[in-house]
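There is one chain below, alone, in structure tokens, taken in the form predicted on its own.
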């Protein structure tokens, strides 16, 4: 792969299957997945990757069992709390999802606080941008962008829609990764992946590592 800045996006699938294979509860799989994400962030920050965007929690995930949702929310609070580690790797935190102050948003207040604090405490970092998509759905993002244009009486064009996405500064995705043998996009960054290479792997997310990341990046060679 030629040395250039790259945007990698990951659909982190397979935590539950990883746990089931080991006779563990699904929550143990999510915990292992959070640790794997930390490992991948460290590996990505050492490569020519300018942006890493991960699908943390979708707008559809709220229908999961309440105990599982609570566990996942706690893990996200922990993820956004890894300030020391993020700063050591010069990683800047970003977030996309349904805005907290808009109808339909379901992000709990304690997770909102963790997100805001992580963004503020890593804002001076100049390395890789880690964007966590939480309470995120691409259809909701695009629909909101179109509604904003109609409200503001602006012409609906590609450029105007792009400017009204959750984060208009997020560059196009170069490589989309999906783990655990699934070959679906699952309503993730539909606008941003229009020209992306897609890497599907049978490995569940807790087993995804730097070696597998390099295989995905090799698609750009």
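Positions refer to the first chain, counted from 1. Bear in mind the structure is a predicted one, so any value in this text is a computation, not a measurement.
Not on display, but discussed next: the form predicted together with farnesyl diphosphate.
- Within this chain, residue 26 lines the site of farnesyl diphosphate in the predicted bound form, having a heavy atom no more than 4.5 Å away.
- Though the partner is left out of this view, residue 213 does not reach within 4.5 Å of farnesyl diphosphate in the predicted bound form, counting heavy atoms only.
- Contact check for residue 91: every heavy atom lies farther than 4.5 Å from farnesyl diphosphate in the predicted bound form.
- Using a 4.5 angstroms limit between non-hydrogen atoms, residue 132 touches farnesyl diphosphate in the predicted bound form.
- Picking from 58-66, 44-52, 185-193, 165-173 the stretch near farnesyl diphosphate in the predicted bound form, with a 4.5 Å limit on heavy atoms, gives 58-66.
- Screening 96, 145, 118, 75 for any heavy atom within 4.5 Å of farnesyl diphosphate in the predicted bound form leaves a single hit, 75.
- Shown here without farnesyl diphosphate, the chain has 12, 13, 14, 15, 16, 17, 26, 30 in 10-30 lying with a heavy atom within 4.5 Å of that partner in the predicted bound form.
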